[in-house]
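The chain below stands alone, shown as structure tokens; this is the form predicted alone.
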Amino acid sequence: MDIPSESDRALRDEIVERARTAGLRLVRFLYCDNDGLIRGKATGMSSLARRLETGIGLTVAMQAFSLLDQLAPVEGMGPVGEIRLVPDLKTFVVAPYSVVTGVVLVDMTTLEGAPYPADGRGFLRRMVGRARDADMEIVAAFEPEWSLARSEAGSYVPLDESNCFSTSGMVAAAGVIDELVAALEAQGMAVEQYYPELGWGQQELSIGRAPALRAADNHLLYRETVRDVAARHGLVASFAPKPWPDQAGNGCHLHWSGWNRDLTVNRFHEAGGPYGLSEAARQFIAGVLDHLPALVALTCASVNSYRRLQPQTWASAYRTWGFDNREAALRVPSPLRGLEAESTNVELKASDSSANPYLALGGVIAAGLDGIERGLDLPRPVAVDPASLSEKEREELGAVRLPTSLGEAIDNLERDAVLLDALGDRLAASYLAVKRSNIAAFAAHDEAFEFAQHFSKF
């Protein structure tokens, strides 16, 4: 392991002092597994200083654990062997929703201190590095939807039956939302918008953009904060892609743009370019479109995801792009007037919170950079709902139907050499095995089991 620098020692000392001043009793070391679950271990105050330096041990098996805590068969990921959860000191926060708990996000390392090849956060770091080699800094934001419910007699009952954007929905959720906004902003996540969404009990609250790794970190902290704040109000918050069969699904739209290294110039914007997009942006979008049938295995990562990914549900069931087209898989939002250069970005709608955000964003970067490297041409935008077109018209546009099941998406991922190469052998093998385990396990149960498990897990 590398010898700690003076700045690392100073930051560790600062964290320990902050924790003591805040009266913390535990600090959670959190990571996101291959199935999109937030897991971790916690250290007590007596060993905090040591654990901040050495990390906490974790069995190698954990990256082969599934949503149902079944161990998928992956060579070298069984009962023998250990890695370390090493904290990224810059991510430490005092959890505003708990008076005695702190949180820090971790990197997985080998016992020798090298990056662990099956670590999703490490994968995103590598893809950020690739983008920098191409003179591009990726800035992103995750835009999640989630549902508030009460647990009654073994079932989850929506908090309300309010209409989309209705003030009655705001009133019903006001206690949770008020506390949530304060808790997010206390952790450095600026709230941009909030509204009740289409589904009963469904909420959408977005936070500001950040450089790619920080954006994915923010999504983990966001999910933790929402869940904990809701629990303090006696409610359950679920990010499940399809929480109830008869209600709207919960997406997690992924926005991103490419900037110069000091984040002063948005390289995706070109005032005189086709569609107002630079050549690099057009090639990047084309790359994501090209890989999208496989990429959704990373961005729509659960069995439950494909109940949401249906035509004419504003969830983007076809491989298309367009301006402000909410039935296109990739949407280019209309920029803000007077802030065109700053606000130009791309939104992936075929994405939800069952995804590991590091894998989802890293996969998008890998696909987009491949588009730039190959100089791909961006097809013409689609200005209508693709489902309203004939099959021949969709074929001419390349608007193929996205996978209708996780199994189909995983099959596509296994055939996508670019994404597999980006993931690396160890991460790809463990990810595919975990997803195959889920597919088999849920096939053995009824729909009620699937809905209940995804609701409670996400």
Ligand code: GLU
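Each residue number is its position in the shown sequence, starting from 1. Treat the numbers as computed from the prediction; the structure is a model and nothing was measured.
Quick note: we don't show the form predicted in complex with the ligand, though the next part is all about it.
Stretch-level contact check against the ligand in the predicted complex with heavy atoms at 4.5 Å: of 194-202, 358-366, 292-300, 84-92, the positive one is 194-202. Although the partner is absent from the chain shown here, Gly251, Ala315 and Arg326 each have a heavy atom within 4.5 Å of the ligand in the predicted complex. Exactly one listed residue, out of Arg223, His269, Arg282, Arg308, brings a non-hydrogen atom to within 4.5 Å of the ligand in the predicted complex: Arg308. Contact annotation: of the candidates Asp370, Asp119, Glu145, Asp217, the single residue with a non-hydrogen atom within 4.5 angstroms of the ligand in the predicted complex is Glu145. In the predicted complex, Arg209 stays away from the ligand, with no heavy atom inside 4.5 Å.
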